[in-house]
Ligand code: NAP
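Single chain ahead, by itself, as structure tokens, in the form predicted alone.
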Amino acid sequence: MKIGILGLGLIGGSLGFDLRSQGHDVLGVSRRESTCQKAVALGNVDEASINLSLLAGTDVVFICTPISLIVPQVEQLIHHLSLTTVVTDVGSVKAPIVQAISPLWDYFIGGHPMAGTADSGIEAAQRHLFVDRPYVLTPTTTTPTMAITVVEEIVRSLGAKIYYCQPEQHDRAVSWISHLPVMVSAALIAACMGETDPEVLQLAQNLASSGFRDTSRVGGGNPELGVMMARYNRQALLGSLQQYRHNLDELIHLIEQENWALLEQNLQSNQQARPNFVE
């Protein structure tokens, strides 16, 4: 199968590694010529170009650009494709993307691999990134069965776990477990930097270990990605943040009232709930 990848970063590059290893002919497009050269040299793709015309004749195209570029890039890309080419994306927000692209291209299906690292760029790409990771597909009632089947088969070949849902359901779900943690983690770092005593701040930085490392990791990640999450999943994220603020206020109240019994009950409930989210 001839597969195109538009956007050669962590996700696009990792897709390229795995798809080439399966014998597919993988063609990549990037905004930078230097990235194209690296992708070929590293073995992410068979051929790469800054020109969308390279993807003419492909059977499937994965759109792996930042969220803000997905729709504009598809608008340009479709002029180069045959009418039955399947197009899918990997954006972490689905509703606005599906709503914008579905009227433009019949054979489009939204997708979101729940995989990645704190690093970005083609150099961060790695083999087997998607193995045992969730991969969400968001077909609509008008999505052709052929498009669903083709993308599903590719995703299964990556070793990922497929989940189907409506675009709006996806966005509400990821607002809780992906987008909210980024904002909470960022706020944690900002709160720590609010310490006014330089010596205490330095001591805190020296003492920070695994607990702080784990809870601050996503908040210290790619700022552009954080902004895109907030911009394109605004309503769902605001709802999650408001609920989080309510729970934080509740904890503050319990500590102010020295209600240790209810605080312990609250923390026990959270302890029991966590395994439902993290294996």
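A residue's number is simply how far along the shown sequence it sits, counting from 1. Just so we're clear, the structure is a prediction, and the values are computed from it rather than from any experiment.
The same protein also has a form predicted together with this ligand, omitted here; what follows describes it.
Here the chain stands by itself, but in the predicted bound form one stretch of 57-65, 230-238, 212-220, 40-48, 57-65, has heavy atoms within 4.5 Å of this ligand. Only one of Pro198, Gly121, Gly194, Pro103 lies close to this ligand in the predicted bound form, with a heavy atom inside 4.5 Å, and it is Gly121. With the partner omitted here, the residue from Thr143, Ser178, Gln73, Ser185 that has a non-hydrogen atom within 4.5 angstroms of this ligand in the predicted bound form is Gln73. Shown alone here, Thr85 lies farther than 4.5 Å from this ligand in the predicted bound form, counting heavy atoms only.
Among heavy atoms of Thr117, some come within 4.5 Å of this ligand in the predicted bound form. Interface membership of His170, defined by any non-hydrogen atom within 4.5 Å of this ligand in the predicted bound form, is ruled out. Heavy atoms of Ser92 reach within 4.5 Å of this ligand in the predicted bound form, making it an interface residue.
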